[in-house]
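Quick setup: one chain, the form predicted alone, written in structure tokens, and binding and motion questions come after.
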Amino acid sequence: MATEHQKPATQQQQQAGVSSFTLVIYEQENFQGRCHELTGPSNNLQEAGVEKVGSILVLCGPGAKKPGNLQTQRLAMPVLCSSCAEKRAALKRPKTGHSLCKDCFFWAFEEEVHQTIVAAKLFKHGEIVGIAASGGKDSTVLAHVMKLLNERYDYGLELMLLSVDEGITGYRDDSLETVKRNQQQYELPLKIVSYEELYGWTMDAIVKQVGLKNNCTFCGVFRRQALDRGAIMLKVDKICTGHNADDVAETVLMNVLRGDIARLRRCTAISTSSEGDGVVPRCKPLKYAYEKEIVLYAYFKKLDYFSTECIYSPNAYRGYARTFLKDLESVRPSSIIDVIHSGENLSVRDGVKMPVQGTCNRCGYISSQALCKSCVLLEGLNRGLPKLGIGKHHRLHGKILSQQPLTEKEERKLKAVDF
């Protein structure tokens, strides 16, 4: 029997013995997309409404052999919670391997986030904090946990939700509806800023011009600046984002593979100080939280979140780093934290030339060049030269600032190629 919802098995089902089980089947990898709960035998998953299987959570049951490269979480039942030793365990923590009941897992997860916040001194009493909200599992769990901890430990923070509308039809418009529901559920103010109002472009229009190869570069650069602009509108003191341990480890691997020493030095930082006018400090309260545990927390808490992957991201470079990291994690679960610690302890030898942080001559945003990445990308779009911001074209910044025309050869190199 399969049902399409996000409710855990009933107590009666959980106590039925070793033969009972609960599987949650997600149609996409990384526990995204439509999910179906399977609580009994099914000879045909398609008849049960399952179109494809991308990842599986085994919440309780005898366990099963991992099929192919699917991501699974297995737990042999029955077994008592290793923390309280009273209730039956509902899950096995991917991070530590401990078998916990739901209540003990909730407390452990929340306390670890609290300790991360306290140890890094992320907030000060009385600060206004904007929570970057996309409607996904990470930002939804972040908003829920931040509100809970703020009340439990009297952080004294004024919390707000901040969302960015990239203009992706069939994806962001749907996820923003989730954010609006979260606003009502958590009773927090919400501000939505859009690419169209800030830059005059939507991601749909950008993809039509640049294609699917480098579109994530545009989106990432524009989103970072859009968050800062939205934070300034809200007059917040800090922005906290839902970056989890998997995200940070993936970023370390990406910067190693690209040989980007400057980003490698700062990508593991749990917080960033103010880097100039128009830049709001950011922090990552979920930096040491595993993605799988965030999924489990959202599932058992029955949080309302949007679980579909961006339609323009399948070709993203990050996807290859994620696949590699998942392969490592399947062999050694501590690989994620190990990669993060390696990045944190990285030191660069003396004499290595590093970029000098300055400001953009056009918009005043932080930049190590005469023009910030956002202005260069926007100039390329407006001129019909989408490759202007892809790669290294710093020598052209002078021409752009002085509004000089580019040569025919330069324009030919920077135009999109049609196949």
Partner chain sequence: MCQVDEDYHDQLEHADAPSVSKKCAKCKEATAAVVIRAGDTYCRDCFKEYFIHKFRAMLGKNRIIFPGEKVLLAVSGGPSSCSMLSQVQEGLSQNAHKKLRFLPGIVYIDEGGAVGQSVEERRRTVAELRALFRATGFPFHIVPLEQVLDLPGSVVTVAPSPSEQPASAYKAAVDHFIQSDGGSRLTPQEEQETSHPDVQESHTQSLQQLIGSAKTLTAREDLLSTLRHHVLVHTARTEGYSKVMLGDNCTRLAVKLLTSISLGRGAQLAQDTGFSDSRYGDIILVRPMRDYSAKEIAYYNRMFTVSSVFIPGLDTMATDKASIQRLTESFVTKLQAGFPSTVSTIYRTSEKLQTVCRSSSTADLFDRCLLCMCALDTAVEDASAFKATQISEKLSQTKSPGAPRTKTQRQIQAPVESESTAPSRQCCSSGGENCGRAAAGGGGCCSSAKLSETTNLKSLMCYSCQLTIKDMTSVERLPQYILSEAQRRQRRSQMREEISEFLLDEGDGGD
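Numbering follows the first chain given and starts at 1. Since this is a predicted model, take the numbers as computed values, not measurements.
Below, we refer to the form predicted together with its partner chain, which is not included among the displayed structures.
Taking a 4.5 Å heavy atom cutoff to its partner chain in the predicted complex, the contact residue among 309, 304, 112, 158 is 112. Shown without its partner, this chain lists 187, 151, 174, 327 as candidates; in the predicted complex, only 327 has a non-hydrogen atom within 4.5 angstroms of its partner chain. Within 4.5 Å of its partner chain in the predicted complex, a heavy atom is found for every one of 103, 119 and 261. Note on the interface: of 143-151, 124-132, 84-92, 232-240, the segment with non-hydrogen atoms within 4.5 angstroms of its partner chain in the predicted complex is 84-92.
Residue contact with its partner chain in the predicted complex: residue 344 places a heavy atom within 4.5 Å of it. In the predicted complex, residue 212 stays away from its partner chain, with no heavy atom inside 4.5 Å. With a 4.5 Å cutoff on heavy atoms, residue 98 counts as touching its partner chain in the predicted complex. Proximity of residue 339 to its partner chain in the predicted complex: non-hydrogen atoms within 4.5 Å are present.
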